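Taking the form predicted on its own, here's one chain by itself in structure tokens.
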């Protein structure tokens, strides 16, 4: 095991959260004015009641900067101390320069290692894994991990099967070296036969998905993968106090939580108020709950993302203790 003062760290931990959502709120009633749907139809099938939709200034980069700045402020860490920036996103509009580099410049960092990744809805968990491994091996000491999505620019607003689901926003976490591991090794993988179940393609690019196939996988197979995350951490479900799943659909979150014994746990249900924000959904939900004082300090939390690709990834993290 590497020491904190050597070439690596015994582990890593989260020391702060931050998030950003656009000002514009679109309710189900608003949606019913532009597509054949209703509040009852949407809530019954998804649990979503409203979502935030980005304006002209709410780019993936700008939202990532805002969430990252909030996380640094929450952690009490100067941007100059950050030596790695990772941005997870499915909705990047530019290939170069990379978003993480732009975020680093906007936040006044000096020479961090920047990295963009895209594993769709499991992006934040994959990014957390990279940050944790970087810190454990000595490649970084402080990582700013951000997921930022502007999915509203990728949907067909005449297709009620998809446009009712999505929302825009960003969530972030600051990860630092720790004398004891507070982020478990990642458990991740993919589902080859569902590789095309979620797509962002075409010209112009549009988001589409095989909703029934995804729902069937989530109901029949997600539980086993979530349990594998906890086992990888050397824990049992009895040890877990917070369940933070990808916020795709309340009709997936609630059965999954029940199957995992979530009756006495904090179950994040931000999808009701934010919609599906892809990679941003887990950190957005965590940061909002953290800011509202709804997360028990020091508690083990199961993070589990799944979606386009078709990928899944998760780890157990400890909720920070407030300074």
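Keep in mind the model is a prediction, meaning the values are calculated, not measured. Numbering follows the first chain given and starts at 1.
There is another form of the same protein, the form predicted together with a small molecule; it is not shown, and what comes next is about it.
Q: Taking the shortest heavy atom distance, is residue 188 within 4.5 Å of the small molecule in the predicted bound form?
A: Contact check for residue 188: no, nothing within 4.5 Å of the small molecule in the predicted bound form.
Q: Indicate whether residue 249 is a 4.5 Å heavy atom neighbour of the small molecule in the predicted bound form.
A: Looking in the predicted bound form, residue contacts with the small molecule include residue 249, since a heavy atom lies within 4.5 Å.
Q: At the 4.5 Å heavy atom threshold, is residue 86 in contact with the small molecule in the predicted bound form?
A: No, residue 86 is distant from the partner.
Q: Going by a heavy atom distance of 4.5 Å, is residue 36 a contact of the small molecule in the predicted bound form?
A: Yes.
Q: Considering non-hydrogen atoms and a 4.5 Å limit, which listed residue (232, 160, 225, 206) is close to the small molecule in the predicted bound form?
A: Exactly one residue meets the criterion: 160.
Q: Sort through 183, 72, 100, 164 and report the residue having a heavy atom within 4.5 Å of the small molecule in the predicted bound form.
A: When the small molecule is considered in the predicted bound form, the option within 4.5 Å is 164.
Q: Quick one: which of 75-83, 127-135, 105-113, 208-216 gets within 4.5 Å of the small molecule in the predicted bound form, going by heavy atoms?
A: The contacting stretch is 208-216.
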